[in-house]
Ligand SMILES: C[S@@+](CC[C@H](N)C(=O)[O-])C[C@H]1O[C@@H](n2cnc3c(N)ncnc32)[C@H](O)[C@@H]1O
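Presented below, as structure tokens, is a lone chain in the form predicted alone.
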Amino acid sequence: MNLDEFLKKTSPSWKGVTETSELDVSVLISHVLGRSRTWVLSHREHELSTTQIQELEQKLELYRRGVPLPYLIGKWEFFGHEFFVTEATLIPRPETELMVEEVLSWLEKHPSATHVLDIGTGSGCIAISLALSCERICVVASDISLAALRVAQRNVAKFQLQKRVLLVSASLLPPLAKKFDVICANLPYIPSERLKRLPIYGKEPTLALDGGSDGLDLYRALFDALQPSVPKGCLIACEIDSAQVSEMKTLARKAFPEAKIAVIKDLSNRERLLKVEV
């Protein structure tokens, strides 16, 4: 069976599963064949092996059931780099690149800053992207999920950053005495009941999404933990939902009355990032 015949045979089962199903399936096929998408699109006459057909059929069935494409291919792009992902980690999203951009901009203006903490690191994409873009910094990346840390460990090794990105198992702040210049936090912030109504529910790890009754449980705990220990001059960057801006500003102001607080919008013009300069 060639590729064209395979697509005609299977398309009724996967077409329309998502708004980007044709793109998704072409990415999936290029992954299984070990070829570029351009090659796949221009070689529909390519004969598939029995093994390739079986693997594609298995992955397309999972895709039809709602398993996200990044989990099926085991990787996803973030900030220009490709990261390993599994169902233990969130799928890196373009809007989260805003945090990396803003932190890098701040680091450029503060050349003496060298120590960064990434809380809730997941796949490690934020910590690693920062380390790759700013060679002087060392990053401590923490997560409560050991399964997520194993994925992050693979990514750290892939980019050969073992000496500059330290992975730590911790709930919120790691048990380290180090004073950090920058603290990044992309914590779960979706309210529990709202999460259950979203398409993402059950497809990506609930542990990394569920922020409690109003979505701010972990951020309250974080600011309570940070308040007595954060040094003057530290930057705290938190990804948030646009509906939580007022509450997050209040939390930050309560913890750090003298801090400079700003909210940055993403490319969709949604308020996405809280910056607290202590």
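Since the model is a prediction, treat every value here as computed from it, not as a measurement. All residue numbers are counted from 1 along the displayed sequence.
One more form of this protein, predicted together with this ligand, exists but is not displayed; see below.
Heavy atoms within 4.5 Å of this ligand in the model of the complex are found in exactly one of 102 to 110, 192 to 200, 131 to 139, 115 to 123, that being 115 to 123.
With respect to this ligand in the model of the complex, the three residues 11, 29 and 60 uniformly fall beyond 4.5 angstroms at the level of their nearest heavy atom. Note on the partner interface in the model of the complex: the residue among 161, 170, 98, 72 having a heavy atom within 4.5 angstroms of this ligand is 170.
Contact annotation: of the candidates 252, 48, 218, 40, the single residue with a non-hydrogen atom within 4.5 angstroms of this ligand in the model of the complex is 218. Contact check for residue 208: a heavy atom falls within 4.5 Å of this ligand in the model of the complex. This ligand is not shown here, but in the model of the complex it comes within 4.5 Å of a heavy atom of residue 186.
At least one heavy atom of residue 144 is located within 4.5 Å of this ligand in the model of the complex. Interface residue remark: residue 166 is not counted as part of the site for this ligand in the model of the complex, having no heavy atom within 4.5 Å. Residues of 87 to 107 placing a heavy atom within 4.5 Å of this ligand in the model of the complex, in sequence order: 90, 92, 96.
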